[in-house]
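The data below hold one chain only, encoded as structure tokens and taken in the form predicted on its own.
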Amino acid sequence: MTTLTAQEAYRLWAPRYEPETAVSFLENRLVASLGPPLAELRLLDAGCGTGRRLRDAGAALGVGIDLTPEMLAGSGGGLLAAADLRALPLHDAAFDVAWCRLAIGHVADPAPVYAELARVCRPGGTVVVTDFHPAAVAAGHRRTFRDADGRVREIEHHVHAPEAHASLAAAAGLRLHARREGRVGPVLRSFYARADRLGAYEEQRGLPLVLALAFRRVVP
């Protein structure tokens, strides 16, 4: 199987991206447990895909950035822009909360991503980063999707250990205040059942699939 760059992969995935996957479902639960109430806050979703998370976030202001124009084209509107995570076209301290969800693993060196997330988050604000868990990769899981022709495609992914995340974030001025792991368990059983993979579900129970980290922007 040929591994695709993130931009090429999401260009092909865009027409079929909206339905929830086991990983995205688990990741949504983790983020909900980490973030502050968003009703009066300014929210950035860096690596927003189609912007589906912003639609339900309930933030006072929601802005999405994604590298792939084809993903943004299916968003149905909103404050969205095509840009790289390592060079966000946004003002300093513009947001109360900044998300980077299941995107940082597509970047070989996360240091510039953390620097940008810290820059655009106000002092005292929250940065939430999620990633495909290294334990899942070690167990043989890969980041894949089915394209419009039904073919399974693999997306380029770089493994970043939790300690590396914390170290790079600290260098950017972000202090870790919470860590969560999303594991294979009963909440995912229906996803495995629909794929006729209940045998794999039993084998993988307890395996971490998603790493979620919440940081505070250090007040100077």
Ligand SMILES: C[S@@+](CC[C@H](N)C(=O)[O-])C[C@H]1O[C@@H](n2cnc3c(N)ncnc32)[C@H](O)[C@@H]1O
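Because the structure is a prediction, the values reported are computed rather than measured. Residues carry their position along the shown sequence, with the first being 1.
The same protein also has a form predicted in complex with this ligand, omitted here; what follows describes it.
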Q.
Taking any heavy atom pair closer than or equal to 4.5 Å as contact, tell me whether R53 reaches this ligand in the predicted bound form.
A. yes
Q.
If we define contact as a non-hydrogen atom of the residue within 4.5 angstroms of the partner, is G49 a contact of this ligand in the predicted bound form?
A. yes
Q: Give a yes or no for L44: in the predicted bound form, does one of its heavy atoms lie within 4.5 Å of a heavy atom belonging to this ligand?
A: no
Q.
With the partner left out here, check for me: in the predicted bound form, does some heavy atom of H133 sit within 4.5 Å of this ligand?
A. no
Q) Out of the stretches listed (120-128, 81-89, 133-141, 146-154), which one is close to this ligand in the predicted bound form, meaning heavy atoms within 4.5 Å? A) 81-89
Q | Full three-residue contact with this ligand in the predicted bound form, heavy atom 4.5 Å, for H165, A170 and A212 | A | no
Q) Which of V63, L67, L34, L188 has a heavy atom within 4.5 Å of this ligand in the predicted bound form? A) L67
Q) Of 4-18, which residues get within 4.5 Å of this ligand in the predicted bound form if you count heavy atoms? A) A6, Y10, Y17
